[in-house]
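One chain follows as structure tokens, the form predicted on its own.
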Amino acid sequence: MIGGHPPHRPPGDVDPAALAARYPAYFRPSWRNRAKVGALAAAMLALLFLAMVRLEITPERFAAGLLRLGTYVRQMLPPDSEGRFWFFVEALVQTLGIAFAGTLTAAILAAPVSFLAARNIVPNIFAHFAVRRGLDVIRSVDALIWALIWINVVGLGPFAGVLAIICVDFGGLGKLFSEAIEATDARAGEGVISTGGNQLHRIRFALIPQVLPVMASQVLYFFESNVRSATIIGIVGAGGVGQYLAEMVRMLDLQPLGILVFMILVTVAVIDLISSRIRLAIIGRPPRS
């Protein structure tokens, strides 16, 4: 204590004891809040336990499943295509084609619709609500369900897979694009209008340059995800490598299954790497703290 004043502390040097003495209400433990958190955690654990009982998930079954999985993995080694390597490559290329065509087509269709779903473009609340809910309905149906629907409509093959991915991504990208448009800086559009531009000029020269990198990044992310989705929907007959996977799992043809799984893992890893680099080149690297 110097001259009746507390000792000088450098900026940023906080005395917790002094703060607690000055603001006791903020440092006093709230037993009511702790009881609420504890009750919520107990309720979640009880629900988890009930779900495991109802779904007949037992430690014995889990342990037996792990042992059986280990047996399958051992039988997959060493991987051997048994002369079907180039058939696998062709199917993998078809899977990539399904993902690429579906993602790009969905992005092209979703872009104009997303402007109708953005509040700062279409201020009419009824039009905005109708477009948003329509996109939500479309994207709420899983790709596997869309694949089963389109297989019954257009028949087996990759065309049904492309249509399934278009349907799912149209809803998802439309919603994300509209949110990116709503998050743009309004001052750029006001500047265009103040110079005599109309609403189309505002969209072209103020909004699109701001949202285009975000849209491109989202499309690349969806393409990464769709490579995996295209593999899954192929199991129900929508083309690609999934049909080989389903057949070999059903027939316990495990050595060719091993090399096919390996090829899928390598392909997905390479696409993730390339896509990440392109995405960072478009939107830039985050600043280091």
Partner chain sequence: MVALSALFLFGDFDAEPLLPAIHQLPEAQSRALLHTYRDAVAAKRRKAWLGFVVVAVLYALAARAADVRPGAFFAHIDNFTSYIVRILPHLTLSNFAGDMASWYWNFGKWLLLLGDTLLAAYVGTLLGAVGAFLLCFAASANLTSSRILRALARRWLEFCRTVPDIVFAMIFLIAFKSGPMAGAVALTVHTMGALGKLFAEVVENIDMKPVEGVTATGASWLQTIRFAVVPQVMQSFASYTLLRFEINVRSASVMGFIGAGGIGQEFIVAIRSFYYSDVSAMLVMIIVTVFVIDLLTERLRHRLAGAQAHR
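In this text the structure is predicted, and so the values were computed from the model without any measurement. Residue numbers count along the first chain shown, from 1. Here, rigid core means the biggest group of C-alpha atoms that superpose within 1.5 Å across both forms.
Below, we turn to the form predicted in complex with its partner chain, even though it does not appear here.
Site residues 208, 210 and 274 are none of them in contact with its partner chain in the predicted bound form, judged by any heavy atom within 4.5 Å. Its partner chain in the predicted bound form comes within 4.5 Å of a heavy atom belonging to residue 162. Shown alone here, residue 94 lies within 4.5 Å of its partner chain in the predicted bound form, counting heavy atoms only. In the predicted bound form, none of the heavy atoms of residue 115 sits within 4.5 Å of a heavy atom of its partner chain. By the criterion of a heavy atom within 4.5 Å, residue 152 is counted among the residues contacting its partner chain in the predicted bound form. Heavy atoms within 4.5 Å of its partner chain in the predicted bound form map, among the stretches 118-126, 79-87, 195-203, 99-107, onto 99-107 alone. For the residues 145, 216, 130, 188, the 4.5 Å heavy atom test against its partner chain in the predicted bound form is passed only by 145. For the partner-free chain shown, 228, 231, 232, 235, 236 of 226-242 come within 4.5 angstroms of its partner chain in the predicted bound form, judged by any non-hydrogen atom. Superposition on the rigid core between this form and the one not shown places the CA atom of residue 34 2 Å or more away from its counterpart.
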